[in-house]
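Only one chain comes next, encoded as structure tokens, the form predicted on its own.
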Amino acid sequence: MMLTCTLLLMVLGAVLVMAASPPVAERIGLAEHHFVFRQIFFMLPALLVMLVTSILTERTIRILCLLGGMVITGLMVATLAIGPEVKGATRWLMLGGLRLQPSEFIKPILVIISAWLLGLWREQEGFPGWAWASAVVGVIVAILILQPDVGMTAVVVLTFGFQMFLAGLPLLLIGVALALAPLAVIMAYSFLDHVRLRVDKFFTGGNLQTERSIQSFVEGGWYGVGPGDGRVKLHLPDAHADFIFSVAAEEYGLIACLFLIGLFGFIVIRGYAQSLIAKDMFSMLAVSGLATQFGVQAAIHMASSLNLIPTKGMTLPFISYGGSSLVASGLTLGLILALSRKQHPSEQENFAPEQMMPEASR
């Protein structure tokens, strides 16, 4: 069922990119269906990555994510030195004719590494897994802030915090982390100019993109104005990416938006349900963390389109245009499928069910 919903999201993403991207392509001097052809092209590696990842064993996933994490971290550092600056941020690398955003791939990889370390912390007495996991996440967050990418930072921190909570971090430490969260927001507002600008516009108004996005929901009503008849894409510079949810609202209406929300919600809830019957702590933390990350990213995109939070250049998984986002989303779902599927006895690792119980319960 999860695979079916994922494939449906991919198809809907191609349809919405087809609706939203032609005006954007024409404004920057590209062929009318430039982004459509590229989106369909990137669907192939995304499907391949998802299907290949879904048949991997836990041991293979851990090893590949550890190696991949080191490589992707190196690429993220490289963006700071040689990456082109786009809208005040250096998040991309140019590889031939393709633009790669390494931070998209570090998100699911980081969830696996954190789940591995936190699982060892719970299962092996004396191993400081939570400290190692916090250090790894801290390094990634520092690189993301230097790029800067506050939205991606929020996704990483919220997902890791959820994993720490599930792993049994003392409530006192969780309370301290929650108390420090406003301080992090204040520092971002004080030292990052683009964050200050977006927050000020959010509270004072005057953000033309947001106003047009909200108008698209008004114009679309329940059933939309019809495929291809929307006007918001003529005015939003990133209608095919950061505001594609607004295009869906105007052309296909509130019913279509609720259907999209339902698909994302089903994948997240299904992931949580599978994590409840996971055979070990690692699988439980990994699957629930990946599902949370997937849902948080979708929620940030939708909330910014509705002006519930300051605007943020966050893609809608499988829907927004973007090769890095599409392939990384395929990797995320592939990992969920791999860690939640029933394994052949030859793939299963030695594990005692009582290892998941808190020490006081054993």
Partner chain sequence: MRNNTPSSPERSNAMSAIWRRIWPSRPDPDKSRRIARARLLVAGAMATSCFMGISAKAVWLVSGQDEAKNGQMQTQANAARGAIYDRKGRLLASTLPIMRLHLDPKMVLNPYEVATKLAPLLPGKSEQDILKALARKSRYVELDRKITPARHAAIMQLGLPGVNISATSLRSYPHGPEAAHLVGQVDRDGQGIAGVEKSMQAKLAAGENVNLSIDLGVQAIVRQSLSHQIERFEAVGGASLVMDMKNGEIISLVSLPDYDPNHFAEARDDARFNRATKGVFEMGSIFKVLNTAIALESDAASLVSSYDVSKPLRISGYSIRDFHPRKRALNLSEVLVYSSNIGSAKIAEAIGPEIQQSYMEKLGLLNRPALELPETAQPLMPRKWGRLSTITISYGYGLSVSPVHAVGAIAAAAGNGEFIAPTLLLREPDEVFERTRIFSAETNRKVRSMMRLVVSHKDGTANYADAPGYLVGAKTGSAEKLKIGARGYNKKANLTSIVAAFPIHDPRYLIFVMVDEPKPQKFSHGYATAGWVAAPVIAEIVKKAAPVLGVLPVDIKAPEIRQNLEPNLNIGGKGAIFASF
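Residue numbers count along the first chain shown, from 1. Just so it is clear, the model here is predicted, and its values are computed rather than measured.
Same protein, other form: the form predicted in complex with the partner chain, not shown, and the subject of what follows.
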Contact label in the predicted bound form: residue 68 to the partner chain, heavy atom within 4.5 Å: no
Interface membership of residue 295, the partner chain in the predicted bound form, 4.5 Å heavy atom rule: yes
The partner chain contact at residue 51 in the predicted bound form, heavy atom, 4.5 Å: no
Proximity of residue 44 to the partner chain in the predicted bound form, heavy atoms at 4.5 Å: no
Which of 136-144, 251-259, 179-187, 109-117 sits within 4.5 Å of the partner chain in the predicted bound form, heavy atom basis: 251-259
The unique member of 234, 98, 80, 86 whose heavy atoms fall within 4.5 Å of the partner chain in the predicted bound form: 234
Heavy atom within 4.5 Å of the partner chain in the predicted bound form - the one residue of 63, 308, 31, 55 that qualifies: 308
Stretch 282-317: residues contacting the partner chain in the predicted bound form, 4.5 Å heavy atom cut-off: 284, 288, 295, 299, 302, 303, 306, 307, 308
